[in-house]
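In structure tokens, the next block holds one chain alone, the form predicted alone.
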């Protein structure tokens, strides 16, 4: 029987995760698989992209095992993106002029950096921060530079600022909003984050609207602001958010959102049932998910539907994803959970701040105080995993919820009794690994962190779940006994 043809457009983190699931399920043997990748190298770790400036090579950042494509019979075409899609004839024209037929198509085209329409944005040494090639351009431009400025004070903007500082530039961050990381943290958390970032030698300018970039008097560029102020720099990096890479889909006639994004259903199918979209290019429930973990869940859902396409009731759907996140920005712990801004009707807040130790913590709870809705942690995020599991599993809070963020008598963060969590609880958000999966791996003899990582993939993404996974390992005797009792 002739193999069906499956084409995947895009080989970023989510596109590669799709292939990993495809291979794990053995579906790569059912299809003739071709991958189009516009970049010159296969998938690499964008989450840790800034490590490139501290000595990690592109090979170190690679997410593709050696000989992955050759071993599994998957054709990878590097430096060859897609130029157009013909839905009626089920063909793709590549950027190099080739024509590919497909039976099933997966769009994993990701996103592109948003560059504000500022006059002068195309000047030399005005760059973006997105790919390894972008980083190489920043390093090259920075060799004869003294001052660098990042336009954008969100997650990626602060990562870009770290990169400029790592190459020895005096670094400035210019943000239009009144605080850094305006989406993830509130005013209190933003104020502390700003103080800590400035103590690291980075100059922060919030509430600034850049109107133009022109020749500087002392440095290459002069950024003029709406309030009449200005700032000069040799290097400008735009990191003002992302936009879904949906042009291919739009031109082909697939349904896209009013503000962009390829519309998908719970199985990640587009308006054409033979075309899937996953990751940052996809719009589910009117929302673009700009983190890698939801993209991984979409990849899993799309492969599940491909496996069960004749009985889609068996397929595991994508039903949305939590956007909580924990990271370390220039050495500063920052975490944001759920409804961080208390927008839920009736929500109540608890706040703890220690100006001397530079710690800010906030809990958002339901009106009756029984459920955790969200939170913000800056300067100390040890409680993150406990709070995340309480929120995701809708667990009852103690009668005094504030104790969850108040300093413990011996300085230890409150610990979560992992045995109370259901097997369905997702402990690793990046790789979508549940407690039940981990318990089974432990019962099968994977009894240390390295073995668990290798077996399940848990704690191999951002790493924030590692303490929780280790806690589960530490109670492995209890977990193994529980599994034995139920016959697993």
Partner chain sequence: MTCTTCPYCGVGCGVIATPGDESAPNRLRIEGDPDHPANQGRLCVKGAALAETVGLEGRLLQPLMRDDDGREQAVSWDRALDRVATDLRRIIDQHGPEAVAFYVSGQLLTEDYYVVNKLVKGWLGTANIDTNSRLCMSSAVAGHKRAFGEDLVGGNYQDLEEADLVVLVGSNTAWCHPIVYQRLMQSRRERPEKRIVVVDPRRTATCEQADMHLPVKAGSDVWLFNGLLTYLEEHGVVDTGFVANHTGGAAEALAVARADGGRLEAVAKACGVPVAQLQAFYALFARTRKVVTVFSQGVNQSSSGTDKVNSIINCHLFTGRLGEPGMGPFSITGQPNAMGGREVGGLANTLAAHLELDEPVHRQLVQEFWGSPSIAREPGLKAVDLFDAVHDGRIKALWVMATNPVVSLPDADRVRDALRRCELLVVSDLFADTDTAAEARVVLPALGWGEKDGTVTNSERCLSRQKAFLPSPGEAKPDWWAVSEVARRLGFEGFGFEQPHQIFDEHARLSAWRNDDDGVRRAFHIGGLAGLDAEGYDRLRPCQWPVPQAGEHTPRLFQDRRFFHGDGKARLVPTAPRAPINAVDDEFPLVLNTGRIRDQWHTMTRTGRAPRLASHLPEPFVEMHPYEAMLCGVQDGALVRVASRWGAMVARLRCTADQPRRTVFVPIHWNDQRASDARVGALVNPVVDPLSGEPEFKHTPVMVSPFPVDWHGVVYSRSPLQFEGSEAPAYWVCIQGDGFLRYELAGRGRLEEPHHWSRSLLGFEQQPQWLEVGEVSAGDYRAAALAEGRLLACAYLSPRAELPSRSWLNRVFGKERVSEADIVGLKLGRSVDPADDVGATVCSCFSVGRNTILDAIRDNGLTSVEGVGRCVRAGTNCGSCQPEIRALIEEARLAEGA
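Quantities reported herein were computed from a predicted structural model and do not represent experimental measurements. Positions refer to the first chain, counted from 1.
We do not show the form predicted together with its partner chain, though everything after this point is about it.
- Annotated contact segment (heavy atom within 4.5 Å of its partner chain in the predicted complex): 167-175, selected among 345-353, 167-175, 311-319, 388-396.
- Remark: residue 112 does not count among the residues lining its partner chain in the predicted complex, judged by a heavy atom distance of 4.5 Å or less.
- Contact check for residue 241: no non-hydrogen atom falls within 4.5 Å of its partner chain in the predicted complex.
- For the chain shown alone, residue 370 is not a contact residue for its partner chain in the predicted complex, no non-hydrogen atom being within 4.5 angstroms.
- Not displayed here, its partner chain is approached by residue 219 to within 4.5 Å at the level of heavy atoms in the predicted complex.
- Interface residue among 122, 331, 228, 97 relative to its partner chain in the predicted complex, by the heavy atom within 4.5 Å criterion: 331.
- Out of the listed residues 142, 261, 189, 374, 142 is the one that sits within 4.5 Å of its partner chain in the predicted complex by at least one heavy atom.
- Proximity of 65, 71 and 423 to its partner chain in the predicted complex is absent: no residue of the three has a non-hydrogen atom within 4.5 angstroms.
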